[in-house]
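Quick heads-up: it's one chain on its own, the form predicted alone, in structure tokens.
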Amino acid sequence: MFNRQTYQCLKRIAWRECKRLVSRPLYIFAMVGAPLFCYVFFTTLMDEGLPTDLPVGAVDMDDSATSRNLVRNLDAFQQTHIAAHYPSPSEARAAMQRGDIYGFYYIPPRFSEELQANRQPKASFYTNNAYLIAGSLLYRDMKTMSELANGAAGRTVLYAKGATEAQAMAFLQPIVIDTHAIHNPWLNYSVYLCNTILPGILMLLIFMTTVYSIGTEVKERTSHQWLRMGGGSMYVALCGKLLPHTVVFTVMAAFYNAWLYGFLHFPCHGGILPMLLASLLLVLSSQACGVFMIGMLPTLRLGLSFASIWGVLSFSISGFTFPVMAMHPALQALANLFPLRHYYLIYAGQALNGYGMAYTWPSYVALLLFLFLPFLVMNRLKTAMAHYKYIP
């Protein structure tokens, strides 16, 4: 029951924790310096939305006006830059293996001659998909260029047979596709990635800071003093200790929301208040997970390992890089155990798509359920704080 004595205990422990935070540069770096650096680094890294002028090689074995025009048109694409011409495919492949280029476009000998004779010449392109974004963008550009060249050749043949422009275009493209990218019409990768990477990094730092701050009480043999200040209650001791952390991390979460939606003007169709609420719940649920981690493995080394592994896995399984629905059913179920997954669903539903809270309330509830995790390990954690002895 909360009373004046409990309030005084919370106040003393919170003040003690504040002094520990400001006296150790590691806390300042993990709670303020690292998040701010990551906010600026990732948003400026992708400030243009998509990478441009990715280096590509060209192998033009035909060296005709048609092949040269094909290479020039490919170079005109925004994401593609013909950085070098190679005399053979083997040399271009070697350059790609060295990392000089991300792919190359191969035009075989007699390409123009076979094209004019309607013999279906083959142009080939190769991309290095070890670099996922670069490989995907260049594959799209090269494929588009090949289809345009194919259409241009077909149009020339139709013109030669007496077809009008309207007849030729109706034959080449019987269905005209009108494409509109909703909510992110610029196809800005930064909009898709930074809105989840930044909260994910903050979540990882919360995991590790929470585990470290509790684990060092055992390592430095101050856990008995900490428990006594809490009146022997692990609940009071934890609440007082994590209260300053909550304030600092909530401010950092509010800052990335202001940075993304206020300064950079990223889409936030559902309003800023739902995202601030989601950020607060992410902070609280991440702290709860941190308590659970150190409670399950009440050793500083093992607790930090648990926190780092679980935090890093969150980026892969949350769904913003690879859809969860395409994963194995076991992984789909496992994804619900990561706070970042539910934050991502809130962001995609409210900020990006502009849905109401009626469509995203299960994700809010899921973040709230994480707050019950510390209750599962509270007795185990109290026993560790009271009796465990750190062995270096």
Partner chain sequence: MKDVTLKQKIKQGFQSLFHIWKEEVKNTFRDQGMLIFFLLVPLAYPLIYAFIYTGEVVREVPVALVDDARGSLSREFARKVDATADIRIACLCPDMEDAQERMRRGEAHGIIRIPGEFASDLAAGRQAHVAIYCDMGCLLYYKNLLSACTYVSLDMNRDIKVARAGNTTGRQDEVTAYPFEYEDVALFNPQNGFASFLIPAVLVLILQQTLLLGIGLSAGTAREKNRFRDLVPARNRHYEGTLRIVMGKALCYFMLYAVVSVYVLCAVPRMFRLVQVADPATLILFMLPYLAACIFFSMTASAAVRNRETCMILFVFTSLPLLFISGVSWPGASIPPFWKYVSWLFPSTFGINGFIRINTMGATLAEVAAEYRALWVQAGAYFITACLVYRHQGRIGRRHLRDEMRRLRRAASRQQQLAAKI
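Only the largest set of C-alpha atoms that superpose within 1.5 Å between the two forms is called the rigid core. In this text, all values refer to a predicted model and were calculated from it rather than measured experimentally. Positions refer to the first chain, counted from 1.
Just so it is clear, the following notes concern the form predicted together with its partner chain, a form of the same protein that is not shown.
For the residues Phe292, Tyr256, Tyr212, Phe77, the 4.5 Å heavy atom test against its partner chain in the predicted bound form is passed only by Tyr212. The contact with its partner chain in the predicted bound form, taken as any heavy atom within 4.5 Å, belongs to Arg119 out of Arg221, Arg72, Arg119, His265.
The stretch in contact with its partner chain in the predicted bound form, judged by heavy atoms within 4.5 Å, is 130-138, chosen from 130-138, 80-88, 283-291, 235-243.
For Phe29, a non-hydrogen atom is located within 4.5 Å of its partner chain in the predicted bound form, even though that partner is not displayed.
Taking non-hydrogen atoms only, Pro174 approaches its partner chain to within 4.5 angstroms in the predicted bound form. Using a 4.5 angstroms limit between non-hydrogen atoms, Leu45 touches its partner chain in the predicted bound form. None of the heavy atoms of Pro362 is located within 4.5 Å of its partner chain in the predicted bound form.
Looking at 24-42, the residues that come within 4.5 Å of its partner chain in the predicted bound form, counting any heavy atom, are Arg24, Leu26, Phe29, Ala30, Ala34, Phe37, Cys38, Phe41, Phe42.
The two forms, fitted on the rigid core, differ between the shown form and the other one by 2 Å or more at the CA of Thr156. In this overlay on the rigid core, Lys219 has a C-alpha that sits 2 Å or more away from its partner position between the shown form and the other one. With the core held fixed between the shown form and the other one, Met327 has its Cα displaced by at least 2 Å.
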